[in-house]
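The chain that follows stands alone, in the form predicted alone, written as structure tokens.
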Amino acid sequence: MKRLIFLFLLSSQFALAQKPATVFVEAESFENKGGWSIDQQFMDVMGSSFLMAHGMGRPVENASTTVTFPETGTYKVYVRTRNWSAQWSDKDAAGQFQLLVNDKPLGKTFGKDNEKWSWSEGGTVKITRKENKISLKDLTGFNGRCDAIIFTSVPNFKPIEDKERLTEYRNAYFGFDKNPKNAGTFDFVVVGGGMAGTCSAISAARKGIKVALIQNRPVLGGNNSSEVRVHLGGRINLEPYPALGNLVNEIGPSEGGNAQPKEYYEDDKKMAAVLAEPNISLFLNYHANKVETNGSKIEKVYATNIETGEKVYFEAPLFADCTGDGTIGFLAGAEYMTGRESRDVYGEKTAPEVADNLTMGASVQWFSEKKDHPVSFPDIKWGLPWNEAKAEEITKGDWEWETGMGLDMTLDFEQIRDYGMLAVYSNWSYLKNRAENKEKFAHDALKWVAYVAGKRESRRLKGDYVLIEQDLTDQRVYPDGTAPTSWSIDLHYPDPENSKLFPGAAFKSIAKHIKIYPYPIPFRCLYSKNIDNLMMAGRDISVSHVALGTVRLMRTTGMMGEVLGMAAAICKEENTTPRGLYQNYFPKLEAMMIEGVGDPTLPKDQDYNLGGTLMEVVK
């Protein structure tokens, strides 16, 4: 049901023709999004998904909807937005937009006021009829953002700024918390639709398990989707279980490359594979953000539709956290790790002597295209200070355009993503308008900039075993080995040269590699230590920061997902937990891993980004 049609009437003691009223409009629920995009990446921090005008320097088409007012009359207007570039510059503002009522703009320009999310006053508007067209008009193309709009005729009305109280107000206004819908009956609930989660769901479904797959974006694939555009990495079909990886081969793109055109990432192939499984119920655009537990078990996971606000809940005997951020484990009270452990925790020689909060960062990739005519780009005032020494004379930004190291990859993620975009825009604006060699870029047009940033690291959920550096380098193989990791221990750090130019605010990274031999990840790393019915696959498994450097590659995480699906089938058949599987039924899992779940007859044409830094076998 559309949120826009709900009206919250405040009581009046006066018998007047016009009753005081407040109309609350969620921007992400607009019927016509135009060129605006829904951004849900930060809703747990700022309270909601929102609409964003990601035009890469060119204003996008208007978003619009129809709003029914309970009464005609004069209404005060408030818009919840922010001036995102104010974190780095007090010169002008990047994301400016107007609010139009029946195609007439209010006098206020939004996106210029406050650095943080807050309500901006927009003056008053006279409403002369019940049905009215409301539009958002982008003025800059530089990521203006609108969360919600309030129209009110209530005297002395004050919009709520506190996030928790505002969330309560939204829920009461729209009735979201009154009767959350039961999503259905499932054996296994997988949260996260990247390669790990997608493979988990398909694997379990092919083993006869009824699966719910929850994904908070409109496409599957995560970092390997067209929204982020990171190609698959690592190797598949390795000993001791060569059949693992057949499913990754089935659904993965046949072409490689980061920051390439949309079609390289074959979103449709992943979607078709999921939709072909009758045992999978797919919930796109649902963000899981609440967990109910009973003792050491998850009972329910709640999810919010990022467009309509509808809330649903999922019940199952078994859950998988494939969110990357370890969100479900965190909400359930699972033990977890963040940052870098000190050297004395696990004795890893690559670990720092003192623990810190440094994580690998998030990439905002981009590329341009050559035109047969000159192409302009705004000479922005709000960008980072730039000069010839800082300029990157390139037409594409790959994985190394990486920000956020040392910041919190959950709480600070909007800042991290925005800084990544700011660096891209600042550099490109300089190249196009002020660089000594600007003629070299005259025919180049900015074609694509990611606004869904590609994370590498945040929370890691602790299992019955934590994989560490020595396991990998010394080839200490355990009897519960599963999906093999094959990439080098690939750890990222702020680029020293970029750090000199941007002290404490580098936007580029370097990678340092430690060779390993393909290594089977212990099953004990794939389930939670203290939440009995929670497994995990992806970059949030039970590994040290150092060991994460190898297991985070997406062909590897996809094979983890294959294993989780098999494990779900055994847990159901034997009425056991993942720990019980490890203790009593691991030979059954071995048999399934030998057999595999993917089609073994398909050609192995994913011969890109395999990694080339393997060490020799330790004798």
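Residue numbers run from 1 along the displayed sequence. Being a predicted model, the structure only gives us computed values, none of them experimental.
Form predicted in complex with a small molecule: not shown, discussed below.
Against the small molecule in the predicted bound form, would residue 431 count as a contact residue? Criterion: heavy atoms within 4.5 Å.
Outside the cut-off, so no.
Tell me, yes or no, whether residue 80 is in contact with the small molecule in the predicted bound form, where a contact means a heavy atom of each within 4.5 Å.
No - in the predicted bound form, heavy atoms of residue 80 and the small molecule never come within 4.5 Å of each other.
Might residue 196 be said to contact the small molecule in the predicted bound form, defining contact as any heavy atom within 4.5 Å?
Output for residue 196 is yes: heavy atoms within 4.5 Å of the small molecule.
Report yes if any heavy atom of residue 399 sits within 4.5 Å of a heavy atom of the small molecule in the predicted bound form; otherwise report no.
Within the cut-off, so yes.
Partner-facing stretch of 435-443, 348-356, 466-474, 322-330, counted where any non-hydrogen atom is within 4.5 angstroms of the small molecule in the predicted bound form
Of the stretches listed, the one contacting the partner is 322-330.
Answer option from 554, 593, 56, 581, heavy atom within 4.5 Å of the small molecule in the predicted bound form
The option sitting close enough to the partner is 554.
Among the candidate residues 216, 488, 403, 368, which is the single one with a non-hydrogen atom no more than 4.5 Å from the small molecule in the predicted bound form?
Comparing distances to the small molecule in the predicted bound form, the residue within 4.5 Å is 216.
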